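Here you'll find one protein chain in two forms, each presented separately as structure tokens under the names structure 1 and structure 2.
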Structure 1
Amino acid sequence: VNGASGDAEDAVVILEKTPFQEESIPDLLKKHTKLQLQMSNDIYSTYHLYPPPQLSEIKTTVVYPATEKHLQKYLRQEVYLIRETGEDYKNITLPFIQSQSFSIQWVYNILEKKAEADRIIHENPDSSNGFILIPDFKWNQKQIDDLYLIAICHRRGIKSLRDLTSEHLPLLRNILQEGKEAILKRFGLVGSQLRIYLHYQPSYFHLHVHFTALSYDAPGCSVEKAHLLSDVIDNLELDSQYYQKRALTFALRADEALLKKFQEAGK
């Protein structure tokens, strides 16, 4: 991509087919849809279906200009599981995180309402225990089957699960309770129909919580990535230092510098 200066710069372009909406299914089967037979055998047949343009929406996300870290994030890679102890976090992971300069200005823009203010579903404005609830870009908001929202805490300096102690329980309880109430009021899903969790490691180091429809197999909801918020709260009630002490498992791609750090440490 050529930037304003005329210099070529890298970009990431993500193309995703949006989910079909139930009310549009009949239109897919009408005469203006092109069907191309691929195979027929007794009662079974398969076709290539070419819907009209208004039913062929593709959600397109652009990251521009993209850094090398952005590019590596979206390349298909071999992945490896890391079992990170509390000491590993202090000695390997935390110094690595602190050495990086991956900007989260876009998060601060949301919190300061410099961007996406019209997309906010709910806000608790308290500077210590408050948060903003906003739809994730993965969700087009046209159906609740793949509902996906993010709660971003106002308080800065909480990088991830590893930083949480019992001091943060009021914040976490607010996110759990008020998030469920806001989603019920706005979208009609009760708390037992939601998967509410944190990622470790997160994709960006400012504390945030994922809310997805339980029926949706959301990216990053697998056992090596997701930690249910209700479990996190229970664990911190049992032991304030729980997430400073325990080992956590996560996946790293083959080209990630952090994986090399663990390998160099003999992990």
Structure 2
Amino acid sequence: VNGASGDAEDAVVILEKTPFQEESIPDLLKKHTKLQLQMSNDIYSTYHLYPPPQLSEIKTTVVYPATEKHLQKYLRQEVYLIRETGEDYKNITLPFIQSQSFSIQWVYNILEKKAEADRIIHENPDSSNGFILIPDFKWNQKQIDDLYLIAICHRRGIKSLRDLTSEHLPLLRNILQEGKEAILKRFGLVGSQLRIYLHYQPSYFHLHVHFTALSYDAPGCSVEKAHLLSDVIDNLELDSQYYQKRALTFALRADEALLKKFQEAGK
């Protein structure tokens, strides 16, 4: 991703290389393609291949004129890890979350069938241990390679991993078990081919669980953000207060207000 700036008014130009398309591979390997030998050793050799323009399309997005906000969004941001203790959560993160009025009306609309009712894959209607399973917006549902669904619990007021205690084990076990079964039934993918996890920090503060195809290198499944639901269940069985006490690591961009709060607190 690259931003280029003009003279009078700024523009954002995003260049993205796209994946190879299987049907164009034979063309790429034909003899009109320029090939430059780099290294040869025994049965191994490496080349630079220079494909004809029509086979190396670059997806280009232009925002013009671009506002300061557009520029900020695409400029490369430094990212920092925070190691948040249970105390830090109470003293820094929780007050910050409460001071922000994040709207989660769109979540309630789904739970109340006021929106996206036709997209629901599975529902357990129980008000305290039930949930709705629905495809994530990032998934176009055209192939299971990048399968991505979200389980949203019916119960309100569970903001994140930090609020979970052993009281929530029946809910979490329902999500794990029924979520797997529903995905097998509808999409034919078995439970052992699913990555099932929570984010901490989540992007919205109503408890939800991510289901992605294991073979899919989904955004947000790295170790500093994702927590496997199976691990969460085991930890709560071990200690009901596990997630109130434990230090949790997450990343924040340099421009995020919460990072400033941690810095002000000398963390």
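Nothing here was measured: the structure is a model prediction, and the numbers come from that model. Numbering runs along the sequence of structure 1, starting at 1. Note that the rigid core is defined as the largest set of C-alphas that superpose within 1.5 Å between two forms.
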The same chain appears twice here, once per structure, so which copy is the form predicted together with another copy of the chain?
2
Displaced residue check between the two structures: Q21, CA, 2 Å or over, core reference:
yes
Answer yes if the CA of V62 moves 2 Å or more between the two structures after aligning the rigid core, and no otherwise.
yes
Q38 C-alpha shift between the two structures of 2 Å or more, rigid core reference:
yes
By how many angstrom is the Cα of P53 displaced between the two structures when the rigid core is overlaid?
17.5
